[in-house]
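Look below for two forms of one protein chain, each set out as structure tokens: first structure 1, then structure 2.
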Structure 1
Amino acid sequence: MTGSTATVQMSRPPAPPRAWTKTRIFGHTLMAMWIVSGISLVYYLASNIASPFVQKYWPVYLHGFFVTLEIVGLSLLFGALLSVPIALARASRWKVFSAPAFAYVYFFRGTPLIAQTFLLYYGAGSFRPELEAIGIWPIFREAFYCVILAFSLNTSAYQAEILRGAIQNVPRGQWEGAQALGIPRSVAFFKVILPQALLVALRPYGNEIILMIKGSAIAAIVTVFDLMGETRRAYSRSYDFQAYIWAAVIYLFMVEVLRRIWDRFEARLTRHLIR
């Protein structure tokens, strides 16, 4: 008898095999489809990497990529600067300020970006003498500047709403606490309210950047050669569909990288909030 060994190893019984339910089969079928299309996409791109198309057009795509980055970066920057006064006006108690700010935000958020771009780029021609008189006609003549102006105005409306929402979201007690400590209002705003508001605004700001990257493709329609513009030109010259597939890969890559960085960034900045 083996009674001497007192400790008997008790192990957990193995988990029952997961049944092949209809959902599971369906899920695996869908995944198989994604994997097959993913592999064929990679194969297609890899087999074309030495093709004449890529040889000829990769510098053009690189240039377009940087133009897109430039448009997005500048528009976001100008939009951010412009959004502060708009958000302040929008939150103001005086109708004189809040009503025009509301109209501005409503207009830019309620109409398509493409229509706004056309309105500025083509519509500026109607006011050519006036614009020449003040000397800012060169800005409206160049599609690139026009696009940046249109995108900045558009994103400033969205950013103003994000900012206003975030600031109004900070509890009143924070203002009152600062007042009780004898902190002046302006210092309280910058040192107490704004840091808390920006944390709330972080996620919508990230979404706004992604929206801007995607929206910047519209610049291609008004003859700016950003990534989309170069893609369209390459396609119209070569009639090779891989033009669009490369562009799709680059755009997806851009958005995904930004999303990942932003998630990290947010996790880092909000680490004190995790309990």
Structure 2
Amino acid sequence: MTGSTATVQMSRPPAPPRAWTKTRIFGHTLMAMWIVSGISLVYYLASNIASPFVQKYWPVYLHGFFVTLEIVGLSLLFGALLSVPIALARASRWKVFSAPAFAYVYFFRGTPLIAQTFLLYYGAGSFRPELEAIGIWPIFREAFYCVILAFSLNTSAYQAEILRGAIQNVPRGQWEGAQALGIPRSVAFFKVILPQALLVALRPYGNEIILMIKGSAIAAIVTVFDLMGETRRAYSRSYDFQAYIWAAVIYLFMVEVLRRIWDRFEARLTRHLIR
């Protein structure tokens, strides 16, 4: 061409077809099985939504649902209050504080939650005279309070480690900047360091809440009629296996709703970090 430059548009050649290897065939087969299982489960639940079992037991499932929310909510609240001093003690340079805090976290993270619940619920009876003498036996006499105490102590150890790691992740310059401005160390911690640490800890905190929801089913073993407790009672009276299917669906519903709410909450608090 005269006086012009020809531009040739080069198109990308099509990708070669992927071979159907054994791994790919297995993956597709497994995915198809999951899809069929999901469709079958939805069909089963839809066909039994008006069954005599659901009509008879949905009120007790609703009661167990709210008991589960109460257990998880109170445990997480008390655990969060305990986790702050434990995290500060773990991060302390003084062994008189850090050593007991380390032993506390090591024990409650290293032993099963069900064993901790049994120790409080069944073991407290061995010290009934001493507990009555100091006036706290009514707390250990009730299974519900023992569950709240055991779950709070357990989650406080996990939350303390989450918070400690988040605090240590805050740059040292934040402390130095607050000190240069003459801000007291305690004020700098609660006004400067802790808000930044909580942003870092949002995702682990969400995971801990989900684990607590699923772990709350342990309460049913010590005669607390939460969701799993009501499920066990419904099954013992009806011998209908759909009792556990409905319980699994409700737990899945709780976890999924929490996950979506937590994602929106995290996105809202960290919107200034998006570039």
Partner chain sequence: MNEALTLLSFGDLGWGDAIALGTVVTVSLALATLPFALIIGFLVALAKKSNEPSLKLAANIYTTIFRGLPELLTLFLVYFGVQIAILNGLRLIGVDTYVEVNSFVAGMVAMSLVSSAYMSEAFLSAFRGIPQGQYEGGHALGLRHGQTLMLVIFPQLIRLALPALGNSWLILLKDTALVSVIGLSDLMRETGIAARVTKEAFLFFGIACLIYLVLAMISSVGLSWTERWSKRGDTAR
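Each form is matched to the other, and the largest set of C-alpha atoms that superpose within 1.5 Å is called the rigid core. Here, a residue number simply tells you its place in the sequence of structure 1, counted from 1. Small disclaimer: the values here were computed from a predicted structure and weren't measured.
Enquirer: Of these two forms of the chain, identify the one that is the form predicted in complex with its partner chain.
Expert: Structure 1, which is the form predicted in complex with its partner chain, differs in this respect from structure 2.
Enquirer: Choose from Ala143, Phe241, Pro100, Leu194 the one placed at the hinge of the motion between structure 1 and structure 2, with one rigid part turning against the other.
Expert: For the motion between structure 1 and structure 2, the hinge residue: Leu194.
Enquirer: Can you give me the rotation of the smaller rigid part relative to the larger one between structure 1 and structure 2, rounded to whole degrees?
Expert: Domain rotation angle between structure 1 and structure 2: 14 degrees.
Enquirer: For Arg24, what C-alpha shift in Å is seen between structure 1 and structure 2 once the core is overlaid?
Expert: Comparing the two forms, Arg24 shifts 6.7 Å at C-alpha.
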